[in-house]
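As structure tokens, one chain now follows by itself in the form predicted on its own.
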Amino acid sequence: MKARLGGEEGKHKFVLKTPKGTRDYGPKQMAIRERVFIAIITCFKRHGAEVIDTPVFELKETLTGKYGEDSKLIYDLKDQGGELLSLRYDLTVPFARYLAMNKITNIKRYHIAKVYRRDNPAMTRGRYREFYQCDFDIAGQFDPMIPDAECLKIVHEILSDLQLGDFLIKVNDRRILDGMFAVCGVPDSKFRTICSSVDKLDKMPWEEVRSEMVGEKGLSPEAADRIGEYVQLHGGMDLIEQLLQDPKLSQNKLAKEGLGDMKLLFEYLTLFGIAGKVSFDLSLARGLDYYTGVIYEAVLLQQENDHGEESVSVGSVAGGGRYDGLVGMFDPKGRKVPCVGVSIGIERIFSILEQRLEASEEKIRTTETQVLVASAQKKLLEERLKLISELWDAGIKAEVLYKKNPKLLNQLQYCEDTGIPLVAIVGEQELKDGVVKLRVVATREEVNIRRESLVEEIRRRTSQL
């Protein structure tokens, strides 16, 4: 009744929450995130990549028809000034648009940015509606499998560097899949939809995938059974050799090409010293429509926690492949630019590291402050501000408490709480002597340092930490 009478106007209760499938990142989480980003960017730069950025939304038609069955997850925006726009779904399609638009035929680039999916979020498993992707791609006409092998080496370097535990990189090839579908009797028109069923084999048992193919997608039971014989195979060079001898597959032109390249890939992976972590897996399909050749996915293997219970594997933490036709879709003359790339699943990696840190109760520093400028007596605010200004100008990361006359104990406590390693103490005697008392928080050791040597001394001491 009150509401109807309008007496309580302006008192509308806000619901304080983030939208479904999104989250806030506090200082602790951002500190972990930054560590991960630095490790990934360092690796991309080590491999000679340049960096680009593209708009967060694209013309709707740019994204339409590029993602197969996942297209329903694209976020459409309202008509703005006569343009129908959608939020980007990944960083690969915008990259292809960028190459075609700027007539670039050769680039090695990385791009780290947020993408959007109208998905049903599973936040605990690192699935969100807004999340970061970290992509590395090599575009250009090169000899087969050399750039592809480098992409796998990058995945190996990043996952090893982040120490996430044991992992496996599964590889397959779209041509081997399509060849396999052809020899198993799948009609051409059903290749893509059957492909997306096969892609579920990491989450569902073969029986369920088979019944989806037959029941929902109208595939003959015989064809499904023939597919079943292949998709349960995985191995290395031995399996490639075995399939090259396979009476049915070896007769298929596409499959034969794919297997030839797969053999070459494994030779390069052996030279890079990572073949032991890579498995040729015929069940790997990757649902996206634009892949044309090699496809791969890195999965974390079951992790043990301290209590010896097995925690669930979070599954895929990186994926990618070759997409030689995508740029041609955007080029007015249909000129193709062969591309191969990889996307690091930063959100999943991040949720694992976050859980791990929570479990270990390790203290995370959320600032990089090297020194707190403090005083032991009253009326020294001006001296503290003068000193901190000198330190800032010299590039030292320093803080001061925003209080005229803080107690020394409170200043030291602040360092304990935030992990600041050093305190520069100014006092009347020190000012007379032209020195600053430098205190190491951890050991409580104190030394007098000449004012002019202070910057050097702080640098020396914090570079060892």
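Because the structure is predicted, anything quoted here is derived from the model rather than measured. C-alpha atoms forming the largest set that superposes within 1.5 Å between two forms make up the rigid core. Sequential numbering from 1, following the sequence displayed.
Not pictured, yet referred to below: the form predicted in complex with another copy of the chain.
Site residues Arg46, Tyr132 and Glu157 are all in contact with another copy of the chain in the predicted complex, judged by any heavy atom within 4.5 Å. In the predicted complex, at least one heavy atom of Lys153 sits within 4.5 Å of a heavy atom of another copy of the chain. Another copy of the chain is not drawn, but in the predicted complex it has a heavy atom within 4.5 Å of Phe57. The shortest heavy atom separation between Ser453 and another copy of the chain in the predicted complex exceeds 4.5 Å. Heavy atoms of Arg33 reach within 4.5 Å of another copy of the chain in the predicted complex, making it an interface residue. None of Trp206, Phe142, Phe167, Phe191 but one reaches within 4.5 angstroms of another copy of the chain in the predicted complex through a heavy atom, and that residue is Phe142. Think of it this way: in the predicted complex, another copy of the chain has a heavy atom of just one of Leu77, Ala122, Ala359, Leu301 within 4.5 Å, and the residue is Leu77. Listed stretches are 359-367, 248-256, 276-284, 172-180; the contact stretch with another copy of the chain in the predicted complex is 359-367, by a heavy atom cutoff of 4.5 Å.
Shown here without another copy of the chain, the chain has Thr366, Thr367, Glu368, Thr369, Leu381, Glu382, Leu385, Lys386, Ile388, Ser389, Trp392, Asp393, Gly395, Ile396, Lys397, Ala398 in 364-398 lying with a heavy atom within 4.5 Å of that partner in the predicted complex. With the core held fixed between this form and the one not shown, Asn102 has its Cα displaced by under 2 Å. Gly81 shows a C-alpha shift of 2 Å or greater between this form and the one not shown [criterion: core-superposed Cα displacement of 2 Å].
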